[in-house]
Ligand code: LIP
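As structure tokens, one chain now follows by itself in the form predicted alone.
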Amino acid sequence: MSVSIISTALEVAIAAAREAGASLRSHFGKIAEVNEMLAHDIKLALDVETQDLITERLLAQFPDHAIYGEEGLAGNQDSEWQWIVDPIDGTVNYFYGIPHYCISIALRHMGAIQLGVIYDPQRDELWQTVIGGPAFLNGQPISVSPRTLLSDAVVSIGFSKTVATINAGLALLPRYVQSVRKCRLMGSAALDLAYVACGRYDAYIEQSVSLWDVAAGKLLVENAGGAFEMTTRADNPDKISVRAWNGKIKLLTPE
């Protein structure tokens, strides 16, 4: 596989993420147009507009590639190259004016993730990595935390949108609350993974997410020296359960 293709793709992904992030930042805190208000989620017009912007930038450089995003498909769906895009990971945070959200872009080739970019527009923090390489935050190499004791760990427990996955998360939370330094529930899977990759968190556990939530973060965590496990949910083949951690602490076994 050509290194130059990955290098060019990374540059394009970073530029697209930064451009989309600048747009989101300029709209942050203003009344956002809602496309759909759900019980545990919100869909904004900005989600669609942001994915359209990213799609346009990616396909302008790689017109034969496929786009697989939270807001739909584009490009050549028969391509061996597929961009996986979450235009706003943390939409509910964004809508409520909570400055904790991000853009996540990954590229995979024949099923293998080749690069990952996660951009937090509010803090101007950009994580990037390519297959076989190190992970970076704003150009500086990063690694997972060195902590080995679960009692010293900060762990993010994600909550999903269905009754079954919410209940599963609720059952897990007290076990970790009693075992770790602190639990956090921040509302952005991609940022949770980025935080594991740079050692801010020691682990992230989520019962049900989509591929676009975690594709870029998976490669970041692995290239930063951590461990990542995902399992397709039996009750919904479009969703996956995820555990990501520094690879040093021992996570609690499922009950």
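Throughout, we count residues from 1 along the sequence that is shown. Note that the structure is a prediction, hence the values are computed from the model and not measured.
The protein also exists as the form predicted together with this ligand; that form is not presented, and the subsequent description refers to it.
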Wondering, does residue 159 line up within 4.5 Å of this ligand in the predicted bound form on heavy atoms? yes
Is it the case that residue 90, even though its partner is missing from this view, gets within 4.5 Å of this ligand in the predicted bound form, heavy atoms only? yes
Given that the partner is absent here, does residue 189 sit within 4.5 Å of this ligand in the predicted bound form, heavy atoms only? yes
Looking in the predicted bound form, any heavy atom of residue 222 within 4.5 Å of this ligand? no
Just one stretch in 204-212, 23-31, 54-62, 223-231 has heavy atoms within 4.5 Å of this ligand in the predicted bound form, so which one is it? 204-212
Let me know which residues along 41-77 have a heavy atom within 4.5 Å of this ligand in the predicted bound form, or say none if there are none. 41, 70
